[in-house]
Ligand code: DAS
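The chain below stands alone and is given as structure tokens, in the form predicted alone.
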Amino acid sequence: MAAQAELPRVTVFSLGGTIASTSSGGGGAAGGVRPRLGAQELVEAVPQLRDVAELEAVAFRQAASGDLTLPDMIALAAEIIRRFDAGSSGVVVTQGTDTIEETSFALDLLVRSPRPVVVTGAMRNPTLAGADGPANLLGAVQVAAAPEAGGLGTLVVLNDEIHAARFVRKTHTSSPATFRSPTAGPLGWIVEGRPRIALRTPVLDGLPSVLDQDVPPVALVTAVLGDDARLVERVEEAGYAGLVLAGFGGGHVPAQVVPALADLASRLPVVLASRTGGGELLQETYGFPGSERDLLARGLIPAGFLDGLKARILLSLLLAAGADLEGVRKAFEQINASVSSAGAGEAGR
């Protein structure tokens, strides 16, 4: 066993969620579970962690993940940067799984450091047989403590798989294998306590520089069969500063929605993504009214490989940083260009 002084220092931030949820005691399971455990209690429940890293536990929030906000992520990113400046080798964030695909991507955009940030959670709460929280926490700390995990941006680790925050999605309501990266696949895995990195993500360019500003509201609308323009026509009057539209397939909408989208895109940033959750938005294939070529020619901004949820996170932070229409367009172009042009072995952030 390595001496404690030789172990890397990893800070564990707890935000609540299933991994930290227990029943109140008297009512048993009938009353449901809710977040009650803090970072120190989570760490103490996994004695194997003491052989992996010197741990610092921070109870940062105690909430269901649906109650977390982008200002919470901005505050967390600032605290993560302070811990890195104070000597932490890596950071683990525990939270509810419902919004991990969004919060982890926000941290991917906000934390500028080559040191690992790893987000994890649990699908089975601690009151259930086979609770997965302890194993996921152990795996996350093992990755955060591994030098080879540096320079990969924010990672999501559950079920012994290592995913890039920019690609990962929650794909099942209850399976422990819910997290998948449909477009790119996982970056690696954990075997016998050792992280294995098979793929390396490039550094993202065009990131917003914001840590403490208010975040303007951004709407996310999904195209559906027989859709009309009523929701799009009300986006601006409802007070939204921008819109992300998750279109059919490669980026399509019903033709009758096009005039309202073109009108809105002349004043507010309107980002076009795909509702499929996998693959990259098309830009040059179809030419019918409401196709991706038609919409992009009318001023909509292509999301590229980002799905609607992640495109909304990026657009929200860009607007919080004061980006105008052209600045938003350039940032989406830069992020997508960095993924397509960077070398596979590039690291450093």
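One rule holds for the numbers: they count along the sequence shown, beginning at 1. None of the values given here were measured: they were computed from a predicted structure.
One more form of this protein exists, namely the form predicted in complex with ligand DAS; it is left out here, but the text below deals with it.
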- Message: Each of 252, 281 and 307 within 4.5 Å of ligand DAS in the model of the complex, by any heavy atom, yes or no?
- Response: no
- Message: Please pick out the stretch from 105 to 113, 137 to 145, 273 to 281, 90 to 98 that is in contact with ligand DAS in the model of the complex, where contact means heavy atoms within 4.5 Å.
- Response: 90 to 98
- Using a 4.5 Å cut on heavy atoms, which of 64, 37, 320, 58 is close to ligand DAS in the model of the complex? 64
- Message: Please identify the residue among 232, 122, 119, 76 with any heavy atom within 4.5 Å of ligand DAS in the model of the complex.
- Response: 122
- Message: Please tell me whether any heavy atom belonging to residue 170 falls inside 4.5 Å of a heavy atom of ligand DAS, as the geometry stands in the model of the complex.
- Response: yes
- Contact of residue 14 with ligand DAS in the model of the complex (heavy atom, 4.5 Å): no
